Structure formats: C-alpha cells, structure tokens
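The chain below stands alone and is given as structure tokens, in the form predicted on its own.
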Amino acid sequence: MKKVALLSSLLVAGALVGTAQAAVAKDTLVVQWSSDVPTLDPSATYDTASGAIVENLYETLVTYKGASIRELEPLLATKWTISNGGRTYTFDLRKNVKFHSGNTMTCADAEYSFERNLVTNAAESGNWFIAESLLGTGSNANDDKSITWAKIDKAVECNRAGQLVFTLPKVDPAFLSKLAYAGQSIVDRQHAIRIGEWKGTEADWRNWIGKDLQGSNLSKQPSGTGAYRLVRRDANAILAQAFDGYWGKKPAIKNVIIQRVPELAARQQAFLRGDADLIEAGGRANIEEQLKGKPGVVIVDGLPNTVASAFFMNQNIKDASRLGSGKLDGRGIPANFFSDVNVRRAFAYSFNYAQYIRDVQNGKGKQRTMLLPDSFPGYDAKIKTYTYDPKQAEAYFKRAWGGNVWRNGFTLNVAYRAGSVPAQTAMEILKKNIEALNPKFRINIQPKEWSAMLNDSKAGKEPMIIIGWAPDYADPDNFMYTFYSSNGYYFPRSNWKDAQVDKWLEQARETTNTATRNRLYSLVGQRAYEQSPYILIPAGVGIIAHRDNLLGVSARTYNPMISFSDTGTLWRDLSKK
C-alpha cells in the first residue's frame, strides 16, 4: 500500500490525471529497481544506475549507431572532421536545440560542459578518461600541477564559425567513442551558472578543482536536451516526462516512473500484476524460475554481456572500524590482510564458480579468464582459471602469513549491494565455503546502500566488495587499465600493484597495432591469474523480462552500451500497445 500511495502522490505532483492505475497506462513506463540513484549530474555520473537516467535527460555529441558498439553517428553534432594528424577534431553542432529550461543550445554550452569536466575531474567521476585524451593526464589540477587554466581552455574551444574544436596533445584512437559516454553530455551553461555551479571562467576555476558533484545543484535541477525532463525526485522514486520542446522525434512514452523497491519479491509481484513494466529481476535464475511462462511476460534471451565483475580484495583497508581487532587473532584482520598472495589464492579457490552459474545464472554462465568481455579484442581464452577446490584453499590458507591465518583464524566484515540477489548469493557462497574450512574462520556479511558502497570503496574503506565494470567506450584498455593498472580507476578499491603489469598496460596504450596489444593483454591476464588480485565472477548471458505490451526491447536493437535497465535501448525508443 505504501508503494501505491507513493506512486499516486508522484502522479499528482507531476500534474498527471488519475491514481496509481495511470502507472500502467499506454503512455506511462513504470520501472522498479533495488538501488538508489547517486546523481543526475552528468559530470559526476559514473555508475549504471545514474547513467540509466542521465542518458535519457541529456545527450552527447555522438552516439552508437543502432546495436553497434563500434560504429558512431552524430547526435547533438551533425558532422565532424579530423585533422592535424589525428589530433584536432572539429564538430558542427545541431541548431535549434532546446534545453529543458527553454534555453537554446549553443557552442558555448558544449565548451562549458567539457571544460567543467576537465576542471572538476573528481575522483568519483569518469572524467579521467576524457582528461587523458585532452590534457595528457587523468588527474585534476590539484594532483597534477602542470594542468593550468590555459591548458584546459585551449583543449576545447569554439571557433568563429561556432564549431566546437578539440585539440589533443597526442593521437587517441578511442577519442570519439569516449564522447559517446553519458558523462560527456552537454549541459545547460546558463542554467548551471544561475543555480550556483561553476561560472565557466578562469576567475573561479580553482574553487572547483576536484569537487565532487554527486549532490550538486545540477543533480537536483538537471536541464538537458534529452527527450525527457525531470519532474520530481525523492529517496524512493523518480518521475520524468517527455519534453515538449525536444528537437527529435516525439516519444510515445510520456511519463517514466522509476521506483526504488528493495525487496525482490515485491518487485516480482508488482511485475506479474502489471503494476511495473520492467524490474530489476534478480538475475537469470529468478527470471526463469519466477517470471518465465507467466501471463503477460515476455523473455528476451541470448543478449551479449559486456560487463566484467569481481570480488575485490582490498590490500590496504583504510577503515579501522571494519577490521575488528585489527590483528590476526581470530577476532579481526590487519589492514593489509589481502596483501599476502596466499590469502588471495585461498579465497579464489574457495569460491564455487559452478554453483554460482547454476544458482544465479541457471546454468547459462561462463567463467572468463580475465576481466575483459570475451567479445572484445585482447581477450585470451587460453589463460587458466580458478576452480572450487577446498584442498587447494586449505593449503594456501596454511601458508598465509607464516601460518598464522590457519592457526589463529580471522573475522572479515564485508558488505554487498542492498537488494542485489546475485551479489548476496555470491557472498553467501564464499562465506559458507571458507567457514567450512576452519572453525576459526568467520565472514560477516551485510547489505549496504549502493551509493554508500561506491563512495566507501573508492576511499579504500571496504575490505571486500563485489563490483562490475560496464564499458565507457569499446576498447580493451577501458577494462584492462581500469582493473589492473595501479593508475587505473579501480586501484583504490583493490590497492594491488604490479610494476610489470603497469609497464605492459602503458605499452598497450602507445601502439595501435592490434597484435601487439593482444599479446600485452595476454601477459597481463596471465600475471593476474598468478597473483589473483580478484575473484572473477562468471559472466552471465544477457536476459530481460518485460511486460508483453511494452514494445522496443529486442535482441535485434539491443545495445550493451546503453545503461537503462539492461534493455539496451532509451526511453524514447519504447512504446506500448
């Protein structure tokens, strides 16, 4: 009843007619997720929950063409040219495009958007990879003193013809793909400045360096050019409506309601009643066992999976409250517990990969050899994988920390994303198997809000987390550097460093020769198997459940680079019969 009441109040607040019954109307899409949405500011968007909303409120210069993850087409740009040996990109921008505020988009908005990303470039954001392209470093000006306002200003400019011009310090073959990421969306400059965001000038740029924009004023009051505008947002729901001033084709779905419903059973019941069109369904096993074959339900199966997921074993835990006693005395762990490779290997041998594939993925999963989608260049299927082997796990635990782990035991306190059945199941499998090895071993698991987990893990506070990576752009570097480099985005979550791996990854960035890059990535994968910095979670085969009156979700149109509810499509491309 509470959820229905909330839905009704949202509909009234959004000036819609009717009660909760309007939620299943032909012009309304209702989606239920387990997690919260950390931000609606493109500059701070770096998780799939936020991206799924932002990509519908905002737009980028270019986008992926149809279902392709390699072919790009114009969106807010109309065309572009590449010159200066591949270091200068010049974009013609679409005219007569309106922001949700009513302001007309100009080149100044695009310049402001990218300069804002380069100026702030907070640790929580994905702006490091656009900064690498435009400034030659993924750091912000606080961390790299070579970055000046003049350098940022020169990197992206509007010329006299009103074209947007990027000047790169060196060639980057992935640059265009990077521009398709939702975090590089064009924001409303006048609106942003009016509500208190960066003024876009040299005068105050230093005040914004590295600033976390997750809870920014722009997150609270977004103004994009997308087909939908935000009407209302609270802790449990988001209401968006089709934007009447949208420059493109008018969407058939007029109202989109995203509800936060932590309980899987409640989401499933709402879905089967027809009160929700799409839900976070809890993985393949739940879809096939609870939803498949039920009246009004359509299953789309066999979809590509371009997400890589793993248990992170943090080798430098920066939160004493999570360490228990802080010693190897059976009542806690030291902050560097996972720095011993024997501990990491023991954990890797303790996870039952086949059980996870069976219980979570209903037998339709695959163990990967490295944290890279097997459809990407650079993937090496010949690298060994870990298997569930209690004897090997015991042997490595007995070697760990000079035998003290086995003699004294340990207590490990870990969290998983609240509402995520796959993550909870994975943690429970690992807990059961490790505790069965030695009565002195204890793993305490508990749910935690997604936004809090993201922030705490980024700060190195989580001893162990399960987290995945969806590609920002279609290149193996986006996965391999992210997971395995000590300069990569995920390094603070694992604190694993290998000098040779760092060298190989830098070499792979310096060549466009595919064979050379593939060889280097194979070397990284092999070293990672030996050092076991992560426990690789099997990759599932993509599957979606949706109500049978919802049109536009299909394997033919599915694009894995789109974040929204795993549908591979935007709200504007959906309709109902």
Partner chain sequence: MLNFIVRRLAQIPLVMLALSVLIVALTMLLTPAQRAAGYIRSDQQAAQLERIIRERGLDQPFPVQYGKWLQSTLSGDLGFSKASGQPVLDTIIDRLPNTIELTLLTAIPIILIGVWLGTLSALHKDRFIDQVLRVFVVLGYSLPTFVLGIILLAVFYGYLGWLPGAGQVEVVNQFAIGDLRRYTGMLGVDALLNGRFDIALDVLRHLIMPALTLFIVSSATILKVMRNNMLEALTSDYVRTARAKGLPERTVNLKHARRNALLSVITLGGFLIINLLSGSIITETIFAYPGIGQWVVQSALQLDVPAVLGFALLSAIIVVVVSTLTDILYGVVDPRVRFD
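This is a predicted model, so every value here is computed, not measured. Positions refer to the first chain, counted from 1.
If you look for the form predicted in complex with its partner chain, you will not find it shown, but the lines that follow are about it.
- This chain appears without its partner; in the predicted complex, the one residue of 389, 92, 212, 506 with a heavy atom within 4.5 Å of its partner chain is 212.
- This chain appears without its partner; in the predicted complex, the one residue of 332, 251, 138, 463 with a heavy atom within 4.5 Å of its partner chain is 138.
- Shown alone, this chain has one stretch from 466-474, 339-347, 73-81, 396-404 that lies within 4.5 Å of its partner chain in the predicted complex by heavy atoms: 466-474.
- Taken together, 299, 414 and 564 are entirely out of contact with its partner chain in the predicted complex: none brings a heavy atom within 4.5 Å.
- In the predicted complex, residue 292 stays away from its partner chain, with no heavy atom inside 4.5 Å.
- Among residues of the shown chain, residue 37 is one whose heavy atoms approach its partner chain to within 4.5 Å in the predicted complex.
- Although the partner is absent here, residue 354 sits far enough away that none of its heavy atoms falls within 4.5 Å of its partner chain in the predicted complex.
- By the criterion of a heavy atom within 4.5 Å, residue 103 is excluded from the residues contacting its partner chain in the predicted complex.
- Contacts with its partner chain in the predicted complex, taken as any heavy atom within 4.5 Å, map within 450-464 to 450, 451, 452, 454, 455, 458.
- Here's the thing about residue 73 and residue 376: their CA atoms end up at least 3 Å closer in the predicted complex than they are in this form.
- Relative to the shown form, the CA atoms of residue 115 and residue 451 are pushed 3 Å or more farther apart in the predicted complex.
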